[in-house]
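Let's start with one chain on its own, the form predicted on its own, as structure tokens.
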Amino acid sequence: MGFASSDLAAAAERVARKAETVADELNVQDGKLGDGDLGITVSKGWREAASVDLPDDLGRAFLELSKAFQRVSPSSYGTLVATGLMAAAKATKGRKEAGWDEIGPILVQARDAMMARGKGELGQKSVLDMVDALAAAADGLDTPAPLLKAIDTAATECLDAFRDKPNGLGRARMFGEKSIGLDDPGMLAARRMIDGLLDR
């Protein structure tokens, strides 16, 4: 057994609920290194995504999530999230189900698509590093409980590893040394979305 469109819908709803509760936290964090609206971007995007009726075709379901997120959150971060979901759509096109062990490879494809779209590189203290860490953690895991535990641990370790480094991508890079000691807002948003998947 793997995951299907119904699992995506349930996951989107959990993430949307979490996004609403952490919107203020993300806005505050983003205000230290950016425009201060990341919480709005994330909460609006996931609420819209969770409101869409998803088709049984897994690829089309990912596509609908991507379109929904982009529709209401056309910011740079929203575009990256939508791009990652679009990559997942291509990887699962025409299928009703995908194996849990495909999560790692799908995240790799999402990472590469997001890097190309955002013109970013790994090591610049951005959400790209988080997706890369999650992909590595998920690799080879074929059941949901160990998979979620692994990405939970990886997300925390990724934040810890980059906190004391300067940002090198996006608006945050302009803060240079001042960004040292601060969590990257996009990475923190991804951490909170994982909290949502875990129903925290």
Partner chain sequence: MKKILNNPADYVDEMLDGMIAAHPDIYAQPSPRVVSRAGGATQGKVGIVTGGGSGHLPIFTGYVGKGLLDAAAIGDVFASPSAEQMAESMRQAHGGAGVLRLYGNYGGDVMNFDMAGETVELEDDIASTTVLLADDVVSAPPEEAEKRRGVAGMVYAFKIAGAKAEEMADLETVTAVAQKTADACRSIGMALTPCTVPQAGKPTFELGENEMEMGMGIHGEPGIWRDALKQADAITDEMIERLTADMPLASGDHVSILVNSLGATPPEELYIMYRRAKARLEGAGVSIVSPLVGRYATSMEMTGATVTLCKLDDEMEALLKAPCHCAYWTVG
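Positions refer to the first chain, counted from 1. Every value quoted in this text rests on a predicted model; they were computed, and no experiment measured them.
As for the form predicted in complex with the partner chain, it is not shown, yet the points below apply to it.
Taken together, L80, M86 and A89 are fully in contact with the partner chain in the model of the complex: each brings a heavy atom within 4.5 Å. Between 162 to 170, 61 to 69, 26 to 34, 137 to 145, the stretch whose residues reach within 4.5 angstroms of the partner chain in the model of the complex through a non-hydrogen atom is 61 to 69. By the criterion of a heavy atom within 4.5 Å, R117 is counted among the residues contacting the partner chain in the model of the complex. With a 4.5 Å cutoff on heavy atoms, K96 does not count as touching the partner chain in the model of the complex; it lies far away. Under a 4.5 angstroms non-hydrogen atom cutoff, the partner chain in the model of the complex has S76 among its neighbouring residues.
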